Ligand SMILES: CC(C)(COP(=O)(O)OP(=O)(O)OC[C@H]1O[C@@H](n2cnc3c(N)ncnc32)[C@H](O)[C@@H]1OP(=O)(O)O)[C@@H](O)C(=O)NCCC(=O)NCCS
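One chain follows as structure tokens, the form predicted alone.
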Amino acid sequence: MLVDDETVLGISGYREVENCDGTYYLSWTYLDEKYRGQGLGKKMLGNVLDRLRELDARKIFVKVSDYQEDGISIYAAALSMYKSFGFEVEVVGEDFYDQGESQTILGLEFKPQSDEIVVADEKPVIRFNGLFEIAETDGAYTFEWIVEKSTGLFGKRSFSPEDLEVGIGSVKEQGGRKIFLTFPSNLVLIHRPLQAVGFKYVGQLRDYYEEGLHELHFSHDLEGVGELSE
């Protein structure tokens, strides 16, 4: 929080990402309009980043919309400020918040990363156990999934195209327009079924879970999706 003589000028913060090693997201950041253009936003962000360094953070991400009003990008100044601190664009989710309003995710590393880290591939049993509309979006959905115990050597190891079709059909019934999914980069069995039903690879957040273990992003546009197979 940025305060001057008991007057709140702006607010920012961060949250730690669960089940990750030193990964954080920058929280919603706001500076009162009449105090903008004075370098106060940079001061506030600098204070947040200094605090994260004290916490021995490894990497921080921030999400930015490309929403426009009257042809003017509302968050262009914020995007420029993040880049001035060294944030780099890693993933762009087209039409994420709404049709025509995309999401850009930028990342900033606090520590030099090693190119020698190799995370072993894993083949767990993955099951979808729900779906929900993503907060602050209009019609963008994602699936919840869990890892179950192994079903043995000849058991089903991962979700199938048929499993994905069931989820796609459910989202379509609820009026959804797009699906976004994320998975750790070492789950090697996910790619074939995702590709089979039309999911597209969007990009990755590097070293998201830990050094060498990235978060892969996929999307599926529901326009043109046919009826479920019998």
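When you see a residue number, it is the position in the sequence shown, counting from 1. Predicted model only: the values in this text are computed from it and were never measured.
Heads up, the form predicted in complex with the named molecule isn't pictured, but that's what we're talking about next.
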Quick one: does K172 come within 4.5 Å of the named molecule in the predicted bound form, counting heavy atoms only? no
Although the partner isn't part of this model, could you tell me whether G41 comes within 4.5 Å of the named molecule in the predicted bound form, counting any heavy atom of the residue? yes
Is S185 part of the interface with the named molecule in the predicted bound form - any heavy atom within 4.5 Å? no
Exercise: I74 in contact with the named molecule in the predicted bound form, heavy atom 4.5 Å: yes
Looking at 140-148, 108-116, 80-88, 121-129, which stretch has residues with any non-hydrogen atom within 4.5 Å of the named molecule in the predicted bound form? 80-88
Assert contact residue (the named molecule, in the predicted bound form, non-hydrogen atom within 4.5 Å, options I168, V64, L205, L52) equals V64
Checking I60, L181, L31, I190 against the named molecule in the predicted bound form, the residue with a non-hydrogen atom inside 4.5 angstroms turns out to be L31
